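The form predicted on its own is given below as one chain in structure tokens.
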Amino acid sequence: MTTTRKPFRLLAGAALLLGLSEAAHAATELTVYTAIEADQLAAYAEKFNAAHPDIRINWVRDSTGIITAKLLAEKDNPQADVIWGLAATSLMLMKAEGMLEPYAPKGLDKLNPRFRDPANPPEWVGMDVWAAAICFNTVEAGKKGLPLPKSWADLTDPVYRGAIVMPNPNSSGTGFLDVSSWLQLFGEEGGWEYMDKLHENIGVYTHSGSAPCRMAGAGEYPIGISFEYRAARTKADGAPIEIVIPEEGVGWDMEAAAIVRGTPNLEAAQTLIDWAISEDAMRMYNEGYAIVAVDGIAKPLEGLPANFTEMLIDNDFEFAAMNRARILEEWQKRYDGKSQPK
């Protein structure tokens, strides 16, 4: 692997560089690739820098699919030092490509075992769970006479023709966990048959997992397939949103963190990963997500049902990671005609 690092350059239209940490006399700068929601980044950097003011974070933020593709494209000349807040299924793919630096961070023994790479030392560690949720605008639905859906199957009813928006799985990790979960819930053939029917009711596929809920909250579409953090936040902000957790169960993934192999800033990168699984970090994650990697810390998230944890499907991460390229290619071939322009 070539480890020569060049000064970071933005790729046109592909990434957003956010120098949000303002540590005045930072001794070390880390380029951190992330799919964490943009409205969370400043708080994440601020809390980390309260403990480590000598490390400056330069964020490169975009949707999961785009960050994943960017990291894979840079495999032989990596530009990132750390990945903080990307799907575990993406990190499994990078581990298979030999792109991650093994490291056992401080506090590893406190993580629930399902929130870590099983190798010793692990090549990635989990942070929290993010899961699918439906945002249903009660006002707009009322105008159109649309019933509240209770299941994924309900969304294929022709009454919802053109009323649903969901993320494109090639761009969005939320979109990919939806597609992966439907293929697991309904079987490969049944899953594609389900998506064929759902496609008839889709108005547009977005390139962000947050966008469908934002659009539903704004009344652009009555129904947005999104994820629980954005659903709870949109409802808390006052939008007339009913959060629906479909009765068949919902797909989910872990936000996870890892060190990029070959980083010239290994000590600082290890410090960041230590902090990323600390109890302080877990409490921060719990402000947006109901389930975090260290047991006994999370408090219930307002707006979600009490049995939310029980609604998560028995997700096969290995299937999702190892079949990612094949699944995305098939989805692109079938449904991309309704995607938003990039």
Partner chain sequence: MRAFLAVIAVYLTVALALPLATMVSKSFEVRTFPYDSIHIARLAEDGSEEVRTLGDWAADAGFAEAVAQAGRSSAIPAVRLFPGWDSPDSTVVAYRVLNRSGEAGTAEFDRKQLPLDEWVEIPRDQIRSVVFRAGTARSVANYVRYVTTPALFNSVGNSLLVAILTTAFTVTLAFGFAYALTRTQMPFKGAFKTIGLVPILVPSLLPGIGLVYLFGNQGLLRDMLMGQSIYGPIGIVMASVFFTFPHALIIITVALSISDARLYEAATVLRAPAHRVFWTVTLPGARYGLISAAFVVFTLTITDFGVPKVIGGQYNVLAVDIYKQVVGQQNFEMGAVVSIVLLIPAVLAFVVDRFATRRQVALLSSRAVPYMPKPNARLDWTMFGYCAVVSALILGILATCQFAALVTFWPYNLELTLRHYNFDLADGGGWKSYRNSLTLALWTAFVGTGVIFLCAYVVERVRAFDSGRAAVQFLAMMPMAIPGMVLGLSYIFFFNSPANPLNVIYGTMAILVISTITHFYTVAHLTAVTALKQMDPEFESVSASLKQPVTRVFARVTIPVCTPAILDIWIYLFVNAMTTVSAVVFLYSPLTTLASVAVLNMDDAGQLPAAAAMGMMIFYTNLVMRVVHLGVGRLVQRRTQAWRIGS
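Numbering follows the first chain given and starts at 1. Keep in mind that this is a model prediction, so the values were computed, not measured.
The same protein also has a form predicted in complex with its partner chain, omitted here; what follows describes it.
*Asks:* Counting heavy atoms only and using a 4.5 Å cut-off, do 27, 48 and 283 all touch its partner chain in the predicted complex?
*Replies:* Contact check failed for every one of 27, 48 and 283.
*Asks:* With the cut-off set at 4.5 Å between non-hydrogen atoms, does residue 278 touch its partner chain in the predicted complex?
*Replies:* The answer is no: residue 278 has no heavy atom within 4.5 Å of its partner chain.
*Asks:* Would residue 89 count as a contact of its partner chain in the predicted complex, using a 4.5 angstroms cut-off between non-hydrogen atoms?
*Replies:* Result no; residue 89 lies far from its partner chain in the predicted complex.
*Asks:* Does residue 262 reach its partner chain in the predicted complex, with heavy atoms at most 4.5 Å apart?
*Replies:* No, residue 262 stays farther than 4.5 Å from its partner chain in the predicted complex.
*Asks:* Using a 4.5 angstroms cut-off on non-hydrogen atoms, would residue 61 count as touching its partner chain in the predicted complex?
*Replies:* Close contact exists here: in the predicted complex, residue 61 approaches its partner chain to within 4.5 Å, heavy atoms only.
*Asks:* Choose from 112-120, 184-192, 97-105, 267-275 the stretch whose residues reach within 4.5 Å of its partner chain in the predicted complex, heavy atoms counted.
*Replies:* Of the options, only 97-105 has residues within 4.5 Å of the partner.
*Asks:* Work out which of 152, 205, 124, 136 lies within 4.5 Å of its partner chain in the predicted complex, going by heavy atoms.
*Replies:* None of the other options qualify; the answer is 205.
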